[in-house]
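Shown next as C-alpha cells: one chain only, the form predicted on its own.
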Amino acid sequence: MRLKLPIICFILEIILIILFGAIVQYNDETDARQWHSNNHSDYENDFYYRYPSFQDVHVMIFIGFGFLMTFLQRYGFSSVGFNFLIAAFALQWATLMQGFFHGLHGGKIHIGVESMINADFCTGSVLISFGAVLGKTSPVQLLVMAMFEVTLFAVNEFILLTLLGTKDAGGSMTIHTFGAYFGLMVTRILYRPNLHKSQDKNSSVYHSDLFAMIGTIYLWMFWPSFNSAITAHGDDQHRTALNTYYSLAACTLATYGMSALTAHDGKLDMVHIQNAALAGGVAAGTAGEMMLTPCGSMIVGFLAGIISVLGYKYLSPILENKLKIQDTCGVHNLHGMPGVLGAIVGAVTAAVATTDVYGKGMDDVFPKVASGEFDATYQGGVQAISLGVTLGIALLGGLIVGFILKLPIFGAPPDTICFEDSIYWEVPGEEAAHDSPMTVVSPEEAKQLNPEAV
C-alpha cells in the first residue's frame, strides 16, 4: 500500500481538480454576480431552505454509516477510516457524474446546495455497497469500486428520474436497492472459499457493538431529513419527514418484537437492533412524499422491521451457504429487501393517486399525471418498471466491477487476515511491539543472561 494507495489518491484528486476547473461553476444562487443581479431578499436563497437538511444528510454519511460498521471487533479504524476516504472521493466524483447527466448548462456543470445533497445521496449508495464487502477489500479496491459505482448510479438515476419520470425522493430504488444489489453482486464475485480462516475476527465484542449503536442512533434521528432533503418546499417536504418519522417508530417496535420472538431464549440480538430498526426509513423513501398517510407509513415501517429481522435470522445464512454471497453487514436485509418493499409501496401508492386526494398538490408529486401526459395507473407502472431497471443495472454493474476488483494489482488482503485493522493501520499498543528491535544471541550468551533457562 505504500505506493498503490498514494498513487491512486493523488491521481484521482488531480483529475478531479482539473475537471472541476474546466467544467464546474457556481449556479445562480451561489455566484455573487448572478445572485445580486436580481432584486430579491438574501433570505430567499435556497441555502436557507436546503442547508439544514444537507447537514443532517452529511452527518448520516460520515458518522451514521461510518460508526454503523464498527461492530467488527478488530476493524473499527478501517470501518470509520475507509468510510471517510471513499465518501470524500465519491462526493466529488458524484458532483461531476450527476452534473454531467442532470446539471449541464452551456457545457458547464452548475453546482449549489442541492447538488451537494445529491452527491451525498450517491455517496450513500456507495457506502451501502461498502458494507457488503467490509473487511475483505483493500482501500484501493474500495476507491476503484466507488469510481465505477458512482458512474453507474448516475446513469441509473438519469434513466429513472429524467427519462422515465420516476418519483423516488428518498431513494428506496436509486440509493438503497441499487447500492445493496450492486454490493451483493460484487461480494459474490469476490467470494472467498477460505474466509473461515478469519472467522474468529468476523464478530463483535461488547464495546464494538456499542460504537455501532452510535451510528444507528444518528441514522435513525436524521432519516426524516434524508428522505425529505430534495422534495419540493412546503407540504411535500413536511409530509415526507412526517411519513418517515412514523415509519421508523413503527419499524423499531417491530424489530424489538421480532428479535425476541426469533431468539431461542427470548433475548434481543444487537445485530437486529442496529440494523433492522432503520429499515422503516429505507422503505418509506419512494412513497414518503406521496399521500401515504401516517397510518400507511406505520404499516410500511412495521412490515420493513419484520422482513429485515427475518432476513438477518434466516436468509443471510442461506445466501452465504447456498449462493456464496458473503454479506458482511447484511445490507440485503437493511437496504435490499426494504428498498424493494419501498419501491413496491411507491408503485401502488402512485397507481391509486387521484386529484380528489392530492388537489393542486398533484403538480408537485406527479407533474406528468397533473398535466394529463399520462394517468396514475401508468405512473404506477413506471414506478414498477424502474425497480426492474435498477436491479438490472446494479446486478450487471456489480458483476463487471467485481471481476475488475479481482485483479491482483489492487492488493486485496489474504483470507487469513481479513477483518483486521493492523494490515492497513498503525494500531496503538501493537505497533510498538511489532517494531521493537530484536537482538539475536547465542545459546551460551542466553545462559549467561538467564542461568535458569533451558
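Predicted model only: the values in this text are computed from it and were never measured. So that there is no doubt, residue numbering starts at 1 and follows the sequence shown.
Only in words, not in the display: the form predicted in complex with a further copy of the same chain, which the text now covers.
A.B. asks: Taking 4.5 angstroms as the heavy atom distance cut-off, pick the stretch from 367 to 375, 145 to 153, 165 to 173, 107 to 115 that is near a further copy of the same chain in the predicted complex.
C.D. replies: Correct option: 107 to 115.
A.B. asks: Test of understanding: in the predicted complex, would Val427 fall inside 4.5 Å of a further copy of the same chain by heavy atoms?
C.D. replies: Result yes; Val427 sits at the interface with a further copy of the same chain in the predicted complex.
A.B. asks: With a 4.5 Å heavy atom cut-off, would you call Phe82 a contact of a further copy of the same chain in the predicted complex?
C.D. replies: Yes, Phe82 lies within 4.5 Å of a further copy of the same chain in the predicted complex.
A.B. asks: With a 4.5 Å heavy atom cut-off, would you call Tyr75 a contact of a further copy of the same chain in the predicted complex?
C.D. replies: Heavy-atom contact with a further copy of the same chain at 4.5 Å: present for Tyr75.
A.B. asks: In the predicted complex, does Gly311 have a heavy atom within 4.5 Å of a further copy of the same chain?
C.D. replies: No, Gly311 stays farther than 4.5 Å from a further copy of the same chain in the predicted complex.
A.B. asks: Exactly one of Ile318, Ala88, Leu161, Val352 has a non-hydrogen atom within 4.5 Å of a further copy of the same chain in the predicted complex; which residue is it?
C.D. replies: Contact residue from the list: Ala88.
A.B. asks: Can you list, in sequence order, the residues from 13 to 28 that come within 4.5 Å of a further copy of the same chain in the predicted complex, counting heavy atoms only?
C.D. replies: Heavy-atom contacts to a further copy of the same chain in the predicted complex: Glu13, Ile14, Leu16, Ile17, Phe20, Gly21, Val24, Tyr26.
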